[in-house]
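Here you get one chain, nothing else, as C-alpha cells; it is the form predicted on its own.
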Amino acid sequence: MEMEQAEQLYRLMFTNMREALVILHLDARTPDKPPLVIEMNPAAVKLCRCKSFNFQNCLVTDCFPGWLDPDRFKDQCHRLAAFGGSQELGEVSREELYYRIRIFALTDNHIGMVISDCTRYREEEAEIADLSAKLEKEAATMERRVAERTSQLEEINEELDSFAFSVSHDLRAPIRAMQAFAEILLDDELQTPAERNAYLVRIKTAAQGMDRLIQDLLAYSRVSRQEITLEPVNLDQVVRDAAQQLELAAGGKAYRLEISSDLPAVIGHPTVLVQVLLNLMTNGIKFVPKGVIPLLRIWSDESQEYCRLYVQDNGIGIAPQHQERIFKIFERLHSMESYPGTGVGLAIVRKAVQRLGGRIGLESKEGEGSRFWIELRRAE
C-alpha cells in the first residue's frame, strides 16, 4: 500500500471514529514537562472545552478541565512512553454523561488518548441493579409467603395429630362408658330401680358429653374452612348479641355483666365475632371458684389503626406456663369433674380471630381472674 493511500485511510478512520481520539506529544527528555495536544478527531473536538485550541501547545487539562489530575496524568504518560502498553484511567462524569478514558503509547514521544461514551453502559447497569433489587424484593416476599404457608401446614399437621388423639381417646371414652353401663344393665337382673336409673343417667351424661365434643369439632371445622368476607362490624351489636346468647348458655347460672358504652366498629365478620365473644364470656362464667358469682367486664381501647376489645373475668386465673397451651385444640387444664369442657372453645376463638386478620392475647394470674383481648383493624 502506498504511503499516500495509507495516509488517506488513516484520515478517514481518524475522522469517522465514534470514540474521541487525542494525539499527545511528550518530551521524553524532560519528565516534568506535561504532554501537549497535537491533534484531535471531530468526536474529541466536541468534548474539548479549550477556546484557544491551536493543536500546538494546549494542555490536556486545558482541553478537558477537571477530567484528570495533571501531575498524575503527566507521570502516567511518561511511564507509557518509556515502557509501552496501555492504561485505563477510569470513568469521568460530565453533564449527566459518563466517559471512560484510556491512554496508550504510540512512539517514544507520542501518546494516544481514547475517550469512550459509556453512558448507555452505565444506564444498563442501573437498570440491571434496579431489576436485581426488584427480584430480591420479590424473592423476599415469596420466601415470607413460603414461611407463612409452612407455618400454617405445620399447625394443620399438629391439629391433625391432636384430632387423631381426640378421636382415639376423648370420643371413645364416653362410648366405652355407655357400653360398660349398658352391659351392667343387661347382665345384672337384681338391680333396684334406683340403681338402674343411675346407670341410665350416666349413659345419658356420656352421650351428652360426646355430643358436645362433636358439636365443638364441627364448630372448629366451620370456622377453619368457611368462606369469610370481611366487612365493617359494630362491636356494640356484636356484644349485645353475644350477651343474649350467653343467657341461654348459662342455663340459669347467676353472673354479672358490665359492658362499656360506645364500642367502636372494626373490620370483621358479625357471626364469627359473636362466636368469639360468646366463647370468651362462657369461659368467664364457667371457670370461677365455688361460691363466687362470675363478673364479666367488656371494654375497648383504640389506636390509630387497631381496636383492642377486652373481656375480663374474676375467675380462677391461668398460670403463665399454661397461657399459650390453652389456645391449642383439645387442651384442658382441669379434670372433667372440676370444670367440664371439651378443650376446643379457645382453639375456636384463636382460629376465628386469625381468620379475621386479628390477634388474641391473655393477661392472667392464678386466683386473680383473666383478661382476654382480641385486636382487630378499625373500620374507617
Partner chain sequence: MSYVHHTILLVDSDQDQAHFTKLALQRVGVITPVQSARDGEEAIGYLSGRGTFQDRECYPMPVLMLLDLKLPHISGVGLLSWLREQPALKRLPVVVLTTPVPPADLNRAYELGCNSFLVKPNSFNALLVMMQNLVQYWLGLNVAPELAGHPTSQEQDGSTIQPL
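Since we're looking at a predicted model, the values are computed, not measured. Positions refer to the first chain, counted from 1.
Omitted here: the form predicted in complex with its partner chain. The next part is about that form.
Quiz item: Could you tell me if I259 has a non-hydrogen atom within 4.5 Å of its partner chain in the predicted bound form?
Solution: Taking the distances in the predicted bound form, the answer for I259 is no, it never comes within 4.5 Å of its partner chain.
Quiz item: Can I214 be called a contact residue for its partner chain in the predicted bound form at 4.5 Å between heavy atoms?
Solution: I214 lies outside the contact set for its partner chain.
Quiz item: Heavy atom to heavy atom, is C48 within 4.5 Å of its partner chain in the predicted bound form?
Solution: Although its partner chain is absent here, C48 would stay clear of it in the predicted bound form, with no heavy atoms inside 4.5 Å.
Practice problem: Evaluate Y220 for contact with its partner chain in the predicted bound form, applying a 4.5 angstroms cut-off between non-hydrogen atoms, and reply yes or no. | Solution: The answer is no: Y220 has no heavy atom within 4.5 Å of its partner chain.
Quiz item: With its partner chain left out of view, which of F181, Y99, Y255, F287 would have a heavy atom within 4.5 Å of it in the predicted bound form?
Solution: Of the candidates F181, Y99, Y255, F287, F181 is the one lying within 4.5 Å of its partner chain in the predicted bound form.
Quiz item: With its partner chain left out of view, which of F165, Y310, F104, Y306 would have a heavy atom within 4.5 Å of it in the predicted bound form?
Solution: Checking each option against its partner chain in the predicted bound form, the one that comes within 4.5 Å is F165.
Practice problem: Using a 4.5 Å heavy atom cut-off, indicate which stretch of 38 to 46, 314 to 322, 59 to 67, 343 to 351 touches its partner chain in the predicted bound form. | Solution: In short, 314 to 322.
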